[in-house]
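Next up, structure tokens for two forms of one chain, structure 1 and then structure 2.
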Structure 1
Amino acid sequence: MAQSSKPIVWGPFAAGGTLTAFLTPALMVLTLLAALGYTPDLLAYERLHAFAGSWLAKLALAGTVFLTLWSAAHRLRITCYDLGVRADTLVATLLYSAALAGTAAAALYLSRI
């Protein structure tokens, strides 16, 4: 039996799971504050635009988007199987493509900032 190439999809999943565990709650608090009308300084247009203008921040943002979307896509794929959806190849293709498309879109928007 051949060794599986699952590590391609699992590696970014594990990395994304770790990143979102450390980071996502804090990010959510930031946008929640904005949603409640207490917009944090960073989310003011000028500051955020300047922040996202640096190459390092662009890379970090694109990386965060990729790992977040990828780990969510991978988990959702498994959950679909757990819930009885047997078309695993189709589900996997759709979800991973969506994660990649989201990342590509984020990269495109970042390049315009």
Structure 2
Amino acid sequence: MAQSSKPIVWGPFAAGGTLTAFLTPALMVLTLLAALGYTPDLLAYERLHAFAGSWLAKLALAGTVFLTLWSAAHRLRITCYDLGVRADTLVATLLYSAALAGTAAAALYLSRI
């Protein structure tokens, strides 16, 4: 019986979708609070910069970016297939490469903090 590579693709997709579903509402509320001029002391720039400076936070942030981008890439791949684009190998290569490039860019940025 042939081995399937679907768990390799679907695992990060499911994790990224779940993570994004939980983070998006929280980020919307925090953005609204910042737009209204209320920034809690816990979310001050100096504290967030210090948090992002630790290696564990950098790893967590890079992982979050990776899972979110991978989930978006997989959704776009399935959408392209549903819209009739049958060059699945090309589409998958482009989209997953873009997700990995975005993760690498985020990791590079985080490494400079």
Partner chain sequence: MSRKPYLREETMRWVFRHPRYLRYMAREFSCLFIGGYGLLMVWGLKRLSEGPAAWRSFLEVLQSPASIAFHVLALGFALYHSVTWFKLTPKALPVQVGGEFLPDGIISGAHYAVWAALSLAVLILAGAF
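Every residue number counts along structure 1's sequence, beginning with 1. These numbers come from a predicted model, not from an experiment. Each form is matched to the other, and the largest set of C-alpha atoms that superpose within 1.5 Å is called the rigid core.
Taken from the form predicted alone, structure 2 is distinct in origin from structure 1. Here T79 does not count as shifted, since its C-alpha moves by less than 2 Å between structure 1 and structure 2 after the core is aligned. Its Cα shifted by 4.0 Å, T31 is compared between structure 1 and structure 2 on a rigid core fit.
Once the core is aligned between structure 1 and structure 2, the alpha carbon position of R47 differs by 3.8 Å; this is the C-alpha shift at that site.
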